[in-house]
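Quick setup: one chain, the form predicted on its own, written in structure tokens, and binding and motion questions come after.
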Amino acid sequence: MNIQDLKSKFIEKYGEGEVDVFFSPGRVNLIGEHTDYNGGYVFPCALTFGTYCLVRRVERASFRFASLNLPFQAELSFDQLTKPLDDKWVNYPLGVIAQFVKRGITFEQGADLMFYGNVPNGAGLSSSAALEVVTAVALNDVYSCGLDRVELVKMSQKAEHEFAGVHCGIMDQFASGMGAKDHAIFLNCDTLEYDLVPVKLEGAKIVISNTNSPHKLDSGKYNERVAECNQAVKAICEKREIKNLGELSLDDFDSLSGMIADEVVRRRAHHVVSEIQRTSDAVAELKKGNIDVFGQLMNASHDSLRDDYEVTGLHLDTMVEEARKIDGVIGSRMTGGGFGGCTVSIVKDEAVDQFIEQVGAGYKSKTGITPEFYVAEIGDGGCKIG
């Protein structure tokens, strides 16, 4: 659906008049999973599909919300902007509006908002972050709030915490807000220092494989992993004061892991610390053009997420197993929070068609589910587009 089509839908819903259009992308994380809420490194890139927000200021003292993807609609008065609704998609943009209100920004005019997303729902490509960030970027522009982009990213993360109940790290919102075409973001999630790294995959493509087994971050498993990591930090603090697991090197962890009595919690922490090291190593290898080593580190990342962190499951593991059978696959791993969703693979150009055909057939024969594949293009972060 192009911009003009979207504007026509908006006018059909809300009536004639000027309308502004904004876009924020979904993301795929190349390596560095479940490290962001532990103060570690991640390496995501923004995609060229995401979420659109069409908005018009109105004299009415309320906000109206509609989506072209989901049927629920809402109209909320100014005094209703800081309380979540019961399990509705509107909580994502509403949570962002609440962050503006908490910062003392008052809306003297309301707005009509319409959203459209082409990120596959439940695929683990951060449709929720795209929805939050596009709302923040749009309101900041339309109401001339003057907030900088990093602040908007932080507000979007807070919205996910407080209105969706998912205690996510900063990665998804940061990638959606700060992405740059043909670059991935090497982000320190503790300090928010970042480096835009060119993604030069000579003779290869990034292929995203959607298991069509939707992940459910709000099901409790994600928050359970966050709690387990906090438990590991608490145990280690008996011997050495740390704020998060991202402060530890692998050598540090080896010397301190005995403080963690619970074997499961110890494995969770081992994944985090080793994944942070893998991510740093992978970025260094990419900068040197060593794509094969980068792929090996992707493989190791998935294996750690499967064995130590236990967030993969049948569908993601099957997709990766089938991918690794194909000559020309440089590396393959789950991406996102896990428990369903997508894998990301680096595949040599000449093997992409074979990959899609054979991995798709192998996956379907083992799971009964037809997967979807996207040859990824890396795009820019959230912005006004019309």
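In this text the structure is predicted, and so the values were computed from the model without any measurement. Counting begins at 1, following the sequence as shown.
Note that the form predicted together with a small molecule isn't included here; everything after this is about it.
This chain appears without its partner; in the model of the complex, the one residue of G169, P120, G246, G295 with a heavy atom within 4.5 Å of the small molecule is G169.
Just one of G32, G331, G50, G340 comes within 4.5 Å of the small molecule in the model of the complex, counting any heavy atom, and that one is G32.
In the model of the complex, no heavy atom of F65 sits within 4.5 Å of the small molecule. The closest heavy atom approach of G40 to the small molecule in the model of the complex falls outside 4.5 Å.
The closest non-hydrogen atom of P44 lies beyond 4.5 Å of the small molecule in the model of the complex. Taking the partner from elsewhere, F163 is found to have every heavy atom lying beyond 4.5 Å of the small molecule in the model of the complex. Heavy atoms within 4.5 Å of the small molecule in the model of the complex are found in exactly one of 135-143, 76-84, 198-206, 171-179, that being 171-179.
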